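Next up is one chain by itself, shown in structure tokens, the form predicted alone.
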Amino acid sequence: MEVSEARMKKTVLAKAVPAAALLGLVLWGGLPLLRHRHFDIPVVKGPGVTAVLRLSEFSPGLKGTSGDTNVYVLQGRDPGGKALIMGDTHANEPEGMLAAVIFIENAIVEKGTLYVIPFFNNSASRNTRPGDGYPLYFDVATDWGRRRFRFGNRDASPLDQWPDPDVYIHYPDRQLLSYIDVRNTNRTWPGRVDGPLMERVTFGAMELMRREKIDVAVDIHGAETMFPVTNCIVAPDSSVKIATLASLTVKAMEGFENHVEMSPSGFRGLSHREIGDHGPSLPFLLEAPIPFLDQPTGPKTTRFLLDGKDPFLLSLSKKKKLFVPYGEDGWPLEKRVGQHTSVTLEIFRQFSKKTAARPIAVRGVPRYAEVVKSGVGRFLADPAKAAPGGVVMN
């Protein structure tokens, strides 16, 4: 009997040790992801911010979910047109989010009203892609220290929207898309009030545009250097004239490459297609090169995300395999963000020239040369020095 009990204890111990080790590994790997998911980013309400709304005010099905997100309103002194800026549609393209934050923390709207959603796919911004070695955070150097941001994923977290279908059937056109597109907020436009969570996100934005009669909608992205649709403005027929004038102007006056790509009418779910087809707004989707997203690169480090330098891409550039110029200086964050602020401001200017009765006039936001010279952090506010109630967590 004593021998049998001793064997039983050994058996239990033999099973308990690996089980405990497995639990330890799960906790070791899972706790950083849990902290990342619950890490909130402070955004300082700049001098032009007049209100902060929630997207659930336009799509009630978002309330209490991770799909809900903040909408910053900057109402001008004088009436005019209305514009919407969206960043983090794809949360692994941070230049869009940073450009949106710069508008929130710096812009003064003199004519018209500006709506800014810096974390459009909030769930994706709290997701990651560990199989690709994505960093969970990145820091931007500022005049007062470092400001930390989450680095997210292209698609919403399966913790928030699951299961994925075998095939995503786009609403309302019923085009068959990849199963993963159901969690991609640049495939779920125009959305629906009772659809999957990401459809409720895009429905909320469409409702905002319809109710507030938004004139111009700018969706800011980044794209691979090996992808032909980069360094550009994507626009449908309704927006292409303004897009062309904006592109030609920044190229001539500010010295960086930019061109216009036509929105394909046969590919559904995209912001630059559905916004104009289902609402009053003129849509524009901006792309700047982000080498980090290319596949044949070195490790996906935070440094690479910020400076855009990679020896493999440099070699491919010499073989003319890239769709953008690529040299020893890479494609640093300040160039990508600066392009987006300049192109967005130029779209507003060209719209105002075309539609004089509804001008959108914004000052205080740096353009390309200023961002490249001073760095992105120069235009990020210090949350510790904000007035009481002046910081909003995102």
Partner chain sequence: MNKKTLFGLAAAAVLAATFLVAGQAPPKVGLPVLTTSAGQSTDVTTLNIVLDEAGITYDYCDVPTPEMVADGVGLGGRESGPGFHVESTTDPSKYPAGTPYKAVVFAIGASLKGMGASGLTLDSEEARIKKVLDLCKQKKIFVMAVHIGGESKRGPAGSDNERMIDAVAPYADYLVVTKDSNKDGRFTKLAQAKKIPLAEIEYALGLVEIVKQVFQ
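Numbering follows the first chain given and starts at 1. Computed from a prediction, not measured in an experiment: that's the story for all the values here.
The protein also exists as the form predicted in complex with the partner chain; that form is not presented, and the subsequent description refers to it.
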If the cut-off is 4.5 angstroms on heavy atoms, which of these, Arg210, Arg77, Lys241, Arg148, is the one near the partner chain in the model of the complex?
Lys241
Answer key, the partner chain contact in the model of the complex at 4.5 Å (heavy atoms) among Arg192, Lys300, Lys251, His278: the residue is Lys251
Name the stretch: of 326-334, 342-350, 53-61, 39-47, exactly one has residues whose heavy atoms fall within 4.5 Å of the partner chain in the model of the complex.
342-350
Any chance Lys354 has a heavy atom within 4.5 Å of the partner chain in the model of the complex?
yes
Glu370: heavy atom within 4.5 Å of the partner chain in the model of the complex?
yes
With heavy atoms only and a cut-off of 4.5 Å, decide whether Leu322 touches the partner chain in the model of the complex.
no
Looking at the partner-bound form in the model of the complex, is Leu316 within 4.5 Å of the partner chain by any heavy atom?
no
